[in-house]
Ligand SMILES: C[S@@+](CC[C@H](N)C(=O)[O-])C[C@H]1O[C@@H](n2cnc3c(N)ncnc32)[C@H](O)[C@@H]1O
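Read the single chain below, which is given as structure tokens and is the form predicted alone.
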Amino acid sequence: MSRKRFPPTLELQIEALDADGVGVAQFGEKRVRVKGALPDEQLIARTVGKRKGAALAVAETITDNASPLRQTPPCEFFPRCGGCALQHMEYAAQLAHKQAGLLQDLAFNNVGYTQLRPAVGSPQFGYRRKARLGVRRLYDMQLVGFREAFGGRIVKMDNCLALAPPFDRLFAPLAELIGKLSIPAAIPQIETAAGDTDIALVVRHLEPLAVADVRLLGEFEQQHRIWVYTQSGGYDTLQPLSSHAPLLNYSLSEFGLNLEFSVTDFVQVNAYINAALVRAVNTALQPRPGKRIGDLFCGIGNFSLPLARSGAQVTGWEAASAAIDRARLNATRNGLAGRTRFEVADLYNLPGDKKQKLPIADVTNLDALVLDPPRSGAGPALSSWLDPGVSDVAYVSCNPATFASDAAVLLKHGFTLDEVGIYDMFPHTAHVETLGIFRRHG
């Protein structure tokens, strides 16, 4: 289907919001996805492209039946910017929409639950402590920002309400910096990371930096009090500009913990929601001396260490050796090395699988589990972790669809989904975190 078969503007009736927070409508026999639209609205939308047989469009004028859930988007770059999807929707309605999506996925997988936890909202702005920004040279203009909603172009922007300070206002200085370098066209992206006490950014470069470039980066580092790293290839090429650049850190003050992380380590981007999740997992699993808890996909110890602080003996597994090294160091610096063990393990294959490259996690002799997998879910090894002695599972997920399919597996092994609810890790986006508490009764 060519774009010419669609007029430049379309009169549409929005039927629903999809999983990406985008309005869905029909134009004849063709499907149209409309950013900035809400269900039941009649509107005029501007076509901007096509993807997988569907037209892509942006809402421009509401002609009838404006949704009572509609609000004025707080960001001047919405809806063009692809960083957010739901700024035009009242925040309480966003939470309800995300919760409804989770319940739909559970129903599709025939997963029942005992209690639906109230949705946990977040501060709506300034929450995002890690981000990846696109960089592009366009004629004589240097752009640094997020990519467009329905395309790969970089949005011309000078601020972002979602990013944690000071990155929320550093777009123009970053663009000016890149524009002064000798290789501006060879800088494809910048990553930002904010800890509690220090902040850092990573400048990706596809060609070698000149001596003058390094000097300019150093001046920027000093002026803005940001630790600058350069990266010429994979993460193994990461180099701090200053030899004394510290690791970043964040605190879980409720548990008297401080965790260090590098700019390349995975950490939850929303400190408020992360703290709420850690608290909820601890409450659900009731860690105490003598209790043995396994933490699958443990990362740098975000859930493991609070559980150990509460008295449990915790074993964490993760495929990334750098994350395991960091978890061990965090355990030591928080005085918990004696209550924790962290091991590199293959979490997606079973013993004897041809794709196995790492040791298989020995998930036995445990009383409870924490699961915090990537979007793809826990994977085929899930059943092998459900030893008869495991009575409780706290499952943290960033994908309601794979959470629901894994929940069905847990139910087949004698568990019930006692509690489930959403945590809004990314306000104004379609992304959502889910927490499910599974119990094995009898």
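One-based numbering along the sequence shown. Just so we're clear, the structure is a prediction, and the values are computed from it rather than from any experiment.
The following text describes the form predicted in complex with this ligand, which does not appear among the structures shown.
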Open item on the list: Counting any non-hydrogen atom inside 4.5 Å, which residue from Glu191, Glu221, Asp346, Asp367 sits next to this ligand in the predicted bound form?
Closed with: Asp346
Task: The unique member of Asp105, Glu148, Asp372, Asp213 whose heavy atoms fall within 4.5 Å of this ligand in the predicted bound form - done: Asp372
Open item on the list: Is Phe255 part of the interface with this ligand in the predicted bound form - any heavy atom within 4.5 Å?
Closed with: no
Open item on the list: So, Phe303 and this ligand: in the predicted bound form, are they within 4.5 Å at any heavy atom pair?
Closed with: yes
Open item on the list: Quick check on Phe266: any heavy atom within 4.5 Å of this ligand in the predicted bound form?
Closed with: yes
TODO: Could you confirm whether Ala319 comes within 4.5 Å of this ligand in the predicted bound form, counting heavy atoms only?
DONE: yes
Open item on the list: Partner absent here, but in the predicted bound form, which of 334-342, 203-211, 290-298, 181-189 has residues with a heavy atom within 4.5 Å of this ligand?
Closed with: 290-298
